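To begin, one chain is listed below as structure tokens, in the form predicted on its own.
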């Protein structure tokens, strides 16, 4: 039964991840007093892109063509590894939290290589910013997961999230709260959301992720956008597992609560983007350092 529910989680993640972007856009439209885009607009955009062809510059190599596919494949592998709440991941083994970090790093590495492969100084600028911020975000992610691993004496993500609140929320409440705050900051940075980046703008002085994919089109851009939605689901699932101690013991009920929590995270992201302005680029490292301090504090609290 647990395996069946884990498979169902992967299917739901792959099918519903673009809907997270639609939820965020609808929340932002509500705050602005606008009708906004249809909730399923991301699906319409993906369908339109899949019907288009791609144009490649003569300066690009196979790296530019492979990067969108590798990025999407990495996001799908991450979904298979990540548990949802108390439900185990479809592929679980000791040390999979390190594998998850490497998989996410590989997708970023290929995106950066593709941006540099165009020979454009503009895309190179975005690539350098992406690498700089990821240098700060990745340690926060690993330290946060390590703090949860200390609480449960495990290195497997599924065991960590399944046993985190098994003995009651009181003993791990402080650690889980600090980890959840740190993971929220990582989620905003890794998914190019406000206050780090705005996926809906093309202002060259402030773009980070969007500038790296300006030369992609058609099916390639569809892979990038779909992969971004899947990646947002992955980080939302990690955040929900640390922030929501709800465990019913019934697999399908836990799955429903987990999926609801993922969409609740999308609502939170929409609220954050509606209430905050984008930070100056020099302030983004400071925000990620705050996340690192929270993660270190959580780890030390767990080790006390």
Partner chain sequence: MDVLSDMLVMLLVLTNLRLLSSSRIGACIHTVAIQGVLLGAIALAVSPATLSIKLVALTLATVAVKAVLLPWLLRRAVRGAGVSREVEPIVGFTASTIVGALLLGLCFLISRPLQASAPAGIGKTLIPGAMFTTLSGLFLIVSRRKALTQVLGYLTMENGVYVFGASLAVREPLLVELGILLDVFVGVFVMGIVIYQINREFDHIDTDRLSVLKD
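Bear in mind that the values here come from a model prediction, so they are computed numbers and not experimental data. Positions refer to the first chain, counted from 1.
Keep in mind that the form predicted in complex with the partner chain is not shown, yet the notes after this line are about it.
Within 4.5 Å of any heavy atom of the partner chain in the model of the complex lies no heavy atom of residue 15. At least one heavy atom of residue 293 is located within 4.5 Å of the partner chain in the model of the complex. Contact check for residue 5: no non-hydrogen atom falls within 4.5 Å of the partner chain in the model of the complex. The partner chain in the model of the complex is not approached by residue 11, whose heavy atoms all lie more than 4.5 angstroms from it. With the partner omitted from this view, the residue of 145, 222, 178, 87 that lies near the partner chain in the model of the complex is 178 [heavy atom within 4.5 Å]. Taken together, the three residues 173, 289 and 300 all come within 4.5 Å of the partner chain in the model of the complex, as judged by their closest heavy atom.
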